[in-house]
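One chain comes next, on its own, written as structure tokens: the form predicted on its own.
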Amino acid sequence: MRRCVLFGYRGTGKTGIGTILARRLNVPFLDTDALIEEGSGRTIPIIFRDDGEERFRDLEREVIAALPAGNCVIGTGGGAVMDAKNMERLRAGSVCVLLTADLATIGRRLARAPRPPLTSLPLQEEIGQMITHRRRQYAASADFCMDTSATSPEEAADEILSFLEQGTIPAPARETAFRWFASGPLPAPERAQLESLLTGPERDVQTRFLGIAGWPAAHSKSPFLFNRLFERYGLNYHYTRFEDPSIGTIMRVARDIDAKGLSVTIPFKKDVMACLDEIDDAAQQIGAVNTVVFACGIARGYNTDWLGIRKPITGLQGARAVLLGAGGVAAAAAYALADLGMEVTILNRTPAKARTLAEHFGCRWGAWDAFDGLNPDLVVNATPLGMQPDTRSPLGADQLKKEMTVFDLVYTPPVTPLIAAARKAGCATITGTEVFIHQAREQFRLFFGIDVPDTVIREILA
């Protein structure tokens, strides 16, 4: 069997439920807090009192690194999810269950079993604040969710056993979903693999799904990248393509097969926002979502595009930048450039669109032909020009000066006409592949809590 790892805040029942679950599975139950106390010869309150939380987290990492690889149930400390290395070790070869409970229930349980406070707040306020602070990481930890507010430990263990044995996707939903996938443009090899995973006689009911949501999505490198990352990190997941002209249909299918998440591409980055339960602050400001995480019945939206854009240009803080385009990708770029304190001018062939975006982010704006009078340090192309099959460059060769850094957000092809012309002119260049690498890294962290080095992603894409 795969390891079963229980995550959740203090008071959600990890120890009680884990003990019962392990007994029913006839495997050991390992509680990381208990192992820390056993190894140090001190209780956790004393470790906190004498050495502080930082030392406790060091001990926690050491204990998690030494856990066996299989045939056990593991109960984790409430804050273990905050460490990416912990998540990498705990998720490998495991099925992960997030235990939740309402704040009042957690408060009552903790009042009976005092532990060191994590803040100076009253208990109930501390619980709410800490759960909010850890929300992303808890969602990333969940293969399955279990609300323990109104269940006994025995009932919760029964329900988890049902997850492990039957999964969460009813057979009719699997059949219906596969017919939908098969009716679309999914390539034959990918369709055959998906059929085996969804409806095949040897299917693993614990396998979870993610995918790229777009129309079209054939150009995306995400299926190739993510499926290899799953192999590398021992994750029981499959990444496919959700292609349909309706984002509403895509979201329905994703929920029907209990998908873990979606990477959202054109033309749905704005439209998907109406389908979500919660949206991250950055995505709200940008007005576009490119990442959806499903956990415990809630669909949360994030934007990692701006982080992918920001990372390669952090050394150009305060530069004068020209941003070409005023669409959804341009909004993410404007947010990233503004976050780096750059002096930004947005140009678009429809000046009114440039003005609207510029006013939203406090930038300058102008018509397309204003470029030659601006003399920027950095040029960012956020238009689709250069993306196959439209291989035009947004700028002429005579407009590029060797003092400029040219950043093309288009990554198909890897070397666009703009990048080729900029290199010929002696400019420093940044390709759209850099955006893809860094935004995918952030997506993976949101999906699983694991921090993949960009060198690993480059190795896979090479």
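If you're wondering where the values come from, they're calculated on a predicted model, not measured in any experiment. Numbering starts at 1 and runs along the sequence shown.
If you look for the form predicted in complex with a small molecule, you will not find it shown, but the lines that follow are about it.
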request  = Counting non-hydrogen atoms within 4.5 angstroms of the small molecule in the model of the complex, say which of Val292, Ile250, Ala321, Val329 makes the cut.
outcome  = Val329
ask   = Given that the small molecule is left out here, which of Pro376, Gly77, Gly325, Gly214 has a heavy atom within 4.5 Å of it in the model of the complex?
value = Gly325
task = Work out which of the listed stretches, 190-198, 234-242, 255-263, 350-358, brings a heavy atom within 4.5 angstroms of the small molecule in the model of the complex.
result = 350-358
query = Is Met387 a contact residue for the small molecule in the model of the complex, using a 4.5 Å heavy atom cut-off?
reply = yes
key: the small molecule contact at Phe48 in the model of the complex, heavy atom, 4.5 Å   = no
task = Spell out, yes or no, whether the shortest heavy atom distance between Leu409 and the small molecule in the model of the complex is within 4.5 Å.
result = yes
query = Does the 4.5 Å heavy atom contact test between Arg392 and the small molecule in the model of the complex come out positive?
reply = yes
